[in-house]
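Below, in C-alpha coordinates: the form predicted on its own, a single chain.
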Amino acid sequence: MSASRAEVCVVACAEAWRGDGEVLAAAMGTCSILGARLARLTFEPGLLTTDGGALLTAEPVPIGAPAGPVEGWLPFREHLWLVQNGRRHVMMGASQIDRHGNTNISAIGSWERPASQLLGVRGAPGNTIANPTSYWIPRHATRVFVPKVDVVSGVGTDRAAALGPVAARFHDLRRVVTDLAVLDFGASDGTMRLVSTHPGVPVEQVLAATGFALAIDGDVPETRQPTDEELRLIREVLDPRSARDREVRT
(Lines give C-alpha, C1' and ligand atoms only; values in the text may rest on other atoms or scores of the structure.)
Protein backbone atom coordinates (compact mmCIF):
# COMPACT_ATOMS: atom_id res chain seq x y z
CA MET A 1 0.00 0.00 0.00
CA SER A 2 1.20 3.52 -0.78
CA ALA A 3 1.72 5.73 2.26
CA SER A 4 0.95 9.44 2.51
CA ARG A 5 3.48 11.91 3.91
CA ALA A 6 1.42 12.11 7.10
CA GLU A 7 1.62 8.33 7.55
CA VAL A 8 5.39 8.41 7.07
CA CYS A 9 5.49 11.09 9.79
CA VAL A 10 3.39 8.97 12.14
CA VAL A 11 5.80 6.05 11.78
CA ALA A 12 8.82 8.35 12.20
CA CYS A 13 7.28 9.65 15.44
CA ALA A 14 6.60 6.09 16.60
CA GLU A 15 10.27 5.23 16.10
CA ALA A 16 11.20 7.82 18.72
CA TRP A 17 9.86 5.47 21.43
CA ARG A 18 11.60 2.34 20.14
CA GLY A 19 13.51 0.67 22.96
CA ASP A 20 11.92 2.76 25.72
CA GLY A 21 10.10 -0.07 27.47
CA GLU A 22 7.68 0.71 30.28
CA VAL A 23 7.62 4.51 30.35
CA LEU A 24 4.84 7.02 29.81
CA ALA A 25 4.65 8.17 26.20
CA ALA A 26 3.48 11.78 26.32
CA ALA A 27 2.76 13.36 22.94
CA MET A 28 1.56 16.72 21.64
CA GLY A 29 0.15 16.94 18.12
CA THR A 30 -1.88 14.51 16.05
CA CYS A 31 0.97 12.65 14.35
CA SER A 32 3.00 12.31 17.55
CA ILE A 33 -0.03 11.01 19.48
CA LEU A 34 -0.68 8.51 16.71
CA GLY A 35 3.01 7.60 16.73
CA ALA A 36 2.99 6.80 20.45
CA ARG A 37 -0.12 4.67 20.12
CA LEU A 38 1.22 2.91 17.03
CA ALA A 39 4.48 2.11 18.84
CA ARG A 40 2.50 0.51 21.66
CA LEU A 41 0.44 -1.55 19.25
CA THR A 42 3.53 -2.85 17.45
CA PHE A 43 7.14 -2.86 18.72
CA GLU A 44 6.76 -1.26 22.20
CA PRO A 45 3.85 -2.99 23.96
CA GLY A 46 5.13 -1.91 27.38
CA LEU A 47 4.55 1.79 26.73
CA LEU A 48 1.99 3.58 28.87
CA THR A 49 -0.44 5.69 26.86
CA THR A 50 -3.33 7.91 27.94
CA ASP A 51 -6.63 9.09 26.53
CA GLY A 52 -5.06 12.54 26.23
CA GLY A 53 -6.02 13.28 29.82
CA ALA A 54 -5.61 11.57 33.17
CA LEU A 55 -6.61 8.03 32.20
CA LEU A 56 -4.07 5.30 31.44
CA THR A 57 -5.81 3.22 28.80
CA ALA A 58 -5.69 -0.56 28.58
CA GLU A 59 -5.29 -0.27 24.80
CA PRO A 60 -4.30 2.62 22.54
CA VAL A 61 -7.48 4.45 21.58
CA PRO A 62 -8.39 6.10 18.27
CA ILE A 63 -7.97 9.87 17.96
CA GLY A 64 -11.02 11.54 19.52
CA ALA A 65 -12.52 8.31 20.90
CA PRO A 66 -13.48 7.63 24.53
CA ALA A 67 -10.86 5.94 26.68
CA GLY A 68 -12.50 2.52 26.82
CA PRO A 69 -11.04 0.07 29.40
CA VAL A 70 -8.77 1.92 31.81
CA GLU A 71 -5.64 0.57 33.51
CA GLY A 72 -5.08 3.41 35.92
CA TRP A 73 -5.58 6.98 37.00
CA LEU A 74 -2.84 9.53 36.41
CA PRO A 75 -3.55 12.70 38.39
CA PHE A 76 -1.24 15.63 37.88
CA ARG A 77 0.88 14.89 40.96
CA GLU A 78 1.62 11.38 39.66
CA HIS A 79 2.38 12.73 36.22
CA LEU A 80 4.93 15.11 37.77
CA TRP A 81 6.51 12.20 39.66
CA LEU A 82 7.07 10.44 36.34
CA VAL A 83 8.63 13.59 34.88
CA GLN A 84 10.93 14.17 37.85
CA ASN A 85 12.08 10.57 37.87
CA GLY A 86 12.70 10.22 34.15
CA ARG A 87 9.87 7.74 33.61
CA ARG A 88 8.35 9.66 30.73
CA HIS A 89 9.45 10.31 27.13
CA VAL A 90 7.69 13.42 25.88
CA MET A 91 7.37 14.57 22.28
CA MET A 92 6.70 18.30 22.40
CA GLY A 93 6.13 20.96 19.78
CA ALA A 94 8.21 24.09 19.22
CA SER A 95 7.52 27.49 17.70
CA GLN A 96 11.29 27.97 17.37
CA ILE A 97 14.22 25.56 17.69
CA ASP A 98 17.95 26.17 17.21
CA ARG A 99 20.83 23.90 16.24
CA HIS A 100 21.47 22.93 19.89
CA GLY A 101 17.82 22.04 20.51
CA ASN A 102 16.91 25.09 22.58
CA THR A 103 13.22 25.64 21.93
CA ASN A 104 10.73 28.46 22.32
CA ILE A 105 7.01 28.14 23.03
CA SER A 106 6.75 31.40 24.99
CA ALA A 107 6.97 34.53 22.81
CA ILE A 108 8.21 35.78 19.44
CA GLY A 109 10.26 38.95 19.37
CA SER A 110 12.12 40.87 22.07
CA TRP A 111 11.48 39.98 25.71
CA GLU A 112 10.62 43.61 26.49
CA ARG A 113 8.05 43.94 23.69
CA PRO A 114 7.25 40.61 21.99
CA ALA A 115 5.45 40.62 18.68
CA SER A 116 3.47 37.50 19.65
CA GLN A 117 2.64 35.99 23.02
CA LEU A 118 2.55 32.18 22.93
CA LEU A 119 1.94 29.54 25.62
CA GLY A 120 4.65 30.52 28.08
CA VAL A 121 7.48 28.17 28.99
CA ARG A 122 5.01 25.75 30.64
CA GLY A 123 6.69 22.43 31.50
CA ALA A 124 9.43 22.66 28.87
CA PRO A 125 12.36 23.38 31.27
CA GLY A 126 11.52 20.44 33.54
CA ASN A 127 10.74 18.14 30.64
CA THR A 128 14.07 18.72 28.92
CA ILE A 129 16.17 18.54 32.08
CA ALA A 130 14.46 15.59 33.77
CA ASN A 131 13.39 13.11 31.09
CA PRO A 132 13.90 12.07 27.45
CA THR A 133 12.50 14.66 25.06
CA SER A 134 11.76 14.61 21.34
CA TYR A 135 9.98 17.09 19.10
CA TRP A 136 7.27 16.91 16.45
CA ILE A 137 7.19 19.94 14.13
CA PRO A 138 4.57 19.69 11.36
CA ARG A 139 5.92 22.65 9.33
CA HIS A 140 9.65 22.58 8.67
CA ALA A 141 10.55 26.21 7.86
CA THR A 142 13.22 28.82 8.53
CA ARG A 143 10.88 30.71 10.87
CA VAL A 144 10.87 27.61 13.11
CA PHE A 145 14.45 26.37 12.64
CA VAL A 146 16.24 29.57 13.65
CA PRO A 147 19.85 30.53 14.49
CA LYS A 148 18.76 31.72 17.95
CA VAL A 149 15.43 31.33 19.73
CA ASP A 150 13.82 34.49 21.10
CA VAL A 151 13.03 32.89 24.47
CA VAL A 152 14.52 29.66 25.81
CA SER A 153 11.71 27.38 27.01
CA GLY A 154 13.22 23.93 26.42
CA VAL A 155 16.90 23.43 27.29
CA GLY A 156 19.29 22.52 24.48
CA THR A 157 22.58 20.64 24.52
CA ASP A 158 24.76 23.75 24.91
CA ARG A 159 22.84 25.11 27.89
CA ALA A 160 22.65 21.69 29.50
CA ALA A 161 26.43 21.33 29.20
CA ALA A 162 26.88 24.76 30.81
CA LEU A 163 24.82 23.62 33.80
CA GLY A 164 27.37 20.94 34.59
CA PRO A 165 27.09 17.16 34.96
CA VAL A 166 25.06 17.14 38.17
CA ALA A 167 22.28 19.46 36.98
CA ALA A 168 22.21 18.05 33.44
CA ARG A 169 22.76 14.34 34.12
CA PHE A 170 19.25 13.44 32.89
CA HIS A 171 19.20 15.79 29.89
CA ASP A 172 18.42 13.62 26.85
CA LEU A 173 17.27 15.14 23.57
CA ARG A 174 16.38 12.26 21.25
CA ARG A 175 15.02 13.27 17.86
CA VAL A 176 13.13 15.89 15.88
CA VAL A 177 10.51 14.74 13.38
CA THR A 178 9.13 17.20 10.83
CA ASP A 179 7.00 17.02 7.72
CA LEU A 180 10.23 16.86 5.70
CA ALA A 181 12.77 14.88 7.68
CA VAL A 182 14.05 13.22 10.83
CA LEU A 183 16.86 14.88 12.77
CA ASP A 184 18.77 14.24 15.99
CA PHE A 185 21.60 15.78 18.01
CA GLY A 186 24.25 13.25 17.07
CA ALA A 187 26.81 15.69 15.65
CA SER A 188 30.16 15.60 17.43
CA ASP A 189 29.44 18.96 19.09
CA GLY A 190 25.90 18.00 20.13
CA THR A 191 24.21 20.02 17.40
CA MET A 192 21.42 19.00 15.07
CA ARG A 193 22.11 16.34 12.46
CA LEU A 194 20.04 15.28 9.47
CA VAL A 195 19.18 11.59 9.93
CA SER A 196 16.79 10.97 7.02
CA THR A 197 14.52 12.74 4.57
CA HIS A 198 10.98 11.60 3.89
CA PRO A 199 10.22 9.91 0.54
CA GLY A 200 10.24 12.46 -2.27
CA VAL A 201 12.05 15.15 -0.22
CA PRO A 202 15.55 16.04 -1.45
CA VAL A 203 18.24 16.99 1.04
CA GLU A 204 18.46 20.44 -0.55
CA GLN A 205 14.84 21.16 0.37
CA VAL A 206 15.51 20.40 4.03
CA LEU A 207 18.65 22.54 4.06
CA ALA A 208 16.79 25.45 2.45
CA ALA A 209 14.02 25.22 5.06
CA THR A 210 16.50 25.30 7.96
CA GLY A 211 17.89 28.60 9.25
CA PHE A 212 21.24 27.18 10.32
CA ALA A 213 23.80 24.65 9.11
CA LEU A 214 22.84 21.00 9.65
CA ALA A 215 25.41 18.30 10.29
CA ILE A 216 25.32 15.54 7.65
CA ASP A 217 27.16 12.22 7.91
CA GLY A 218 27.65 10.89 4.39
CA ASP A 219 24.67 9.92 2.25
CA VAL A 220 21.32 10.73 3.87
CA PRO A 221 18.92 7.77 3.75
CA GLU A 222 15.19 7.88 3.17
CA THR A 223 12.86 7.69 6.17
CA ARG A 224 11.38 4.22 6.29
CA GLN A 225 7.93 3.63 4.87
CA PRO A 226 5.15 2.16 7.02
CA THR A 227 4.57 -1.55 6.74
CA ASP A 228 1.22 -2.79 5.47
CA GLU A 229 0.24 -3.69 9.03
CA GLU A 230 1.21 -0.25 10.32
CA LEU A 231 -0.87 1.36 7.59
CA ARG A 232 -3.83 -0.81 8.52
CA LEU A 233 -3.53 0.18 12.16
CA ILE A 234 -3.22 3.88 11.33
CA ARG A 235 -6.10 3.93 8.84
CA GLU A 236 -8.56 1.47 10.37
CA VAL A 237 -7.82 1.49 14.11
CA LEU A 238 -6.12 4.66 15.31
CA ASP A 239 -7.21 7.36 12.86
CA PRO A 240 -10.14 6.26 10.69
CA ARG A 241 -11.21 9.92 10.28
CA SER A 242 -7.80 10.89 8.83
CA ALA A 243 -7.00 13.66 11.29
CA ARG A 244 -3.34 13.14 10.35
CA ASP A 245 -3.96 14.54 6.86
CA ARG A 246 -5.19 17.83 8.33
CA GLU A 247 -1.90 18.25 10.19
CA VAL A 248 0.43 17.23 7.34
CA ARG A 249 -0.67 18.11 3.81
CA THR A 250 1.14 16.96 0.69
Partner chain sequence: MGAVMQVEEVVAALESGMTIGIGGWGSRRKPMALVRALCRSALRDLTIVSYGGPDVGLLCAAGKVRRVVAPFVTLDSIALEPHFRTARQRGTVEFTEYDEGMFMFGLLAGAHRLPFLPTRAGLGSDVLRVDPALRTVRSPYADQEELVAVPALTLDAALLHLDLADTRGNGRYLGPDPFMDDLFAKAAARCYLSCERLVRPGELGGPPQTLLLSRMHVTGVVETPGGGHFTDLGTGRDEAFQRHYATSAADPERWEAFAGRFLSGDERAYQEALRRWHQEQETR
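All values reported here derive from a predicted model rather than from experimental measurement. Residue numbers count along the first chain shown, from 1.
Beyond the structure shown, there is the form predicted in complex with the partner chain, which is absent from this document and is the topic of what follows.
>> I'd like to check something about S106: if you look in the model of the complex, is any of its heavy atoms closer than or equal to 4.5 Å to a heavy atom of the partner chain?
In response: So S106 counts as contacting the partner chain.
>> I'd like to know whether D150 contacts the partner chain in the model of the complex, with contact meaning heavy atoms within 4.5 angstroms.
In response: The answer is yes: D150 has a heavy atom within 4.5 Å of the partner chain.
> Counting only non-hydrogen atoms and a 4.5 angstroms cut-off, does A187 reach the partner chain in the model of the complex?
Replying inline: Judged by the heavy-atom cut-off of 4.5 Å, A187 is well away from the partner chain in the model of the complex.
>> So, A141 and the partner chain: in the model of the complex, are they within 4.5 Å at any heavy atom pair?
In response: Contact check for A141: no, nothing within 4.5 Å of the partner chain in the model of the complex.
> Which of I129, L180, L173, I137 has a heavy atom within 4.5 Å of the partner chain in the model of the complex?
Replying inline: Contact with the partner chain in the model of the complex is made by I129 alone.
>> Just to make sure I understand: among 163-184, which residues lie within 4.5 Å of the partner chain in the model of the complex, judging by heavy atoms?
In response: Stretch hits, in order: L163, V166, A167, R169, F170.
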